[in-house]
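Next up is one chain by itself, shown in structure tokens, the form predicted alone.
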Amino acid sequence: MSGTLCIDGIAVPFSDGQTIIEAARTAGVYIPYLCHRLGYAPYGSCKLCTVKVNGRTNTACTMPAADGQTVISNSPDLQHDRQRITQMLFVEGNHFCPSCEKSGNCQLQAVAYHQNMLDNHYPHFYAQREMDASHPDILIDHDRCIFCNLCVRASKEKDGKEVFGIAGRGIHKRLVINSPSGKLKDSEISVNDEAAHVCPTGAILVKRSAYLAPIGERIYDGHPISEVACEKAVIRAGEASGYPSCDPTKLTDAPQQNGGPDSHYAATMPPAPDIKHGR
């Protein structure tokens, strides 16, 4: 089955089996995400790709595309929620981009730029988690883990090893290693495993490779994530796209567009309640 759905005023075709986020990505319509990856089963843990589908809230990475759907992604409310989720991820761990080896290649950093994240908003947790550098080729900085489960899923679904798992709940949640000692050196992971290369942050790094690509020449240094993530040039509502426009009367929640491909939505961001320190 194939058909067409409407995303922020753009008629987007889809193929059989595609989710909303995959149809959007193929057409050049960017919907932010962190836990999604092409070729992996839909998971829906980060909630950054939350959209309105025919008026109901759904995650775009798990919702199958269907003919005639009206999808709102680029509304002030959804932009606001995505920014707050991104800020929560930053304060829950320790993400200091200037000193991180993954800077410029980090998907979390790139999403933060896209969302115009200028501060943390929330009080910082200052998490204290140990680094595991025991493996000869791979290290884990647990402070940078955002619990996207990509390494867990890659090890199980792609590598067939189940090296990683998630234990605990809430602030006690942690990434654990399936080995007698709990250390990476005693696990079955190999530097060639997909699990060693799927982390969207700097939590899992291959040793001796951090600066093979110089600062300024990395994935997101020259292009915003909205372009990198899509198969085609980024399309914004109201612009010529090669696809017909949808009925604008169905898009009452859609905002006016501002600026370039990552214009950061500053003009459309609604004021947020100040919940710092209980206020």
Partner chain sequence: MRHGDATQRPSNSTMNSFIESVLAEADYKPERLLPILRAVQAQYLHIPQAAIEQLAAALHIPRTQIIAVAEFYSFLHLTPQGRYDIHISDSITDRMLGKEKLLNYLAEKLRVKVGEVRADGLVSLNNTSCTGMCDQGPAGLVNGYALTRLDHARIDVIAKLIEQQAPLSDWPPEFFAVEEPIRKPGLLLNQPFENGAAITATFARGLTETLAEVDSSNLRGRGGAGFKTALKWRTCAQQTTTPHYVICNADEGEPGTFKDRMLLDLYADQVFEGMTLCAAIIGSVQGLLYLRAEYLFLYEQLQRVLKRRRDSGLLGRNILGHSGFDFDIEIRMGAGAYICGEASAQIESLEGKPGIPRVKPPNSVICGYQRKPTVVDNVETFFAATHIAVQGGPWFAEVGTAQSTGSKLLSISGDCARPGIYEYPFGTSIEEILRDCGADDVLGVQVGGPSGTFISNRELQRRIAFEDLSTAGSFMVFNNSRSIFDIVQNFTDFFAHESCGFCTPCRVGTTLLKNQLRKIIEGNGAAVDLEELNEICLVVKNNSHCGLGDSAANPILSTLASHPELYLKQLKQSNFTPGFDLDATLAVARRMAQRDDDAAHLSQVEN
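Being a predicted model, the structure only gives us computed values, none of them experimental. Numbering follows the first chain given and starts at 1.
Keep in mind the form predicted in complex with its partner chain is missing from the figure; the text below concerns it.
- No residue of the trio Ile138, Arg208 and Gly216 has any heavy atom within 4.5 Å of its partner chain in the model of the complex.
- For the options His80, Lys102, His95, His142, the one in contact with its partner chain in the model of the complex, meaning a heavy atom within 4.5 Å, is His80.
- The shortest heavy atom separation between Cys230 and its partner chain in the model of the complex exceeds 4.5 Å.
- Contact annotation for Ala133: none of its heavy atoms lies within 4.5 Å of its partner chain in the model of the complex.
- At the 4.5 Å threshold, heavy atoms of Pro224 stay clear of its partner chain in the model of the complex, well away from it.
- Although the partner is absent here, Ser190 is not a contact residue: none of its heavy atoms lies within 4.5 angstroms of its partner chain in the model of the complex.
- Although its partner chain is not shown here, in the model of the complex the stretch 17-55 places heavy atoms of Tyr43, Gly44, Ser45, Cys46, Lys47, Thr50 within 4.5 Å of it, in sequence order.
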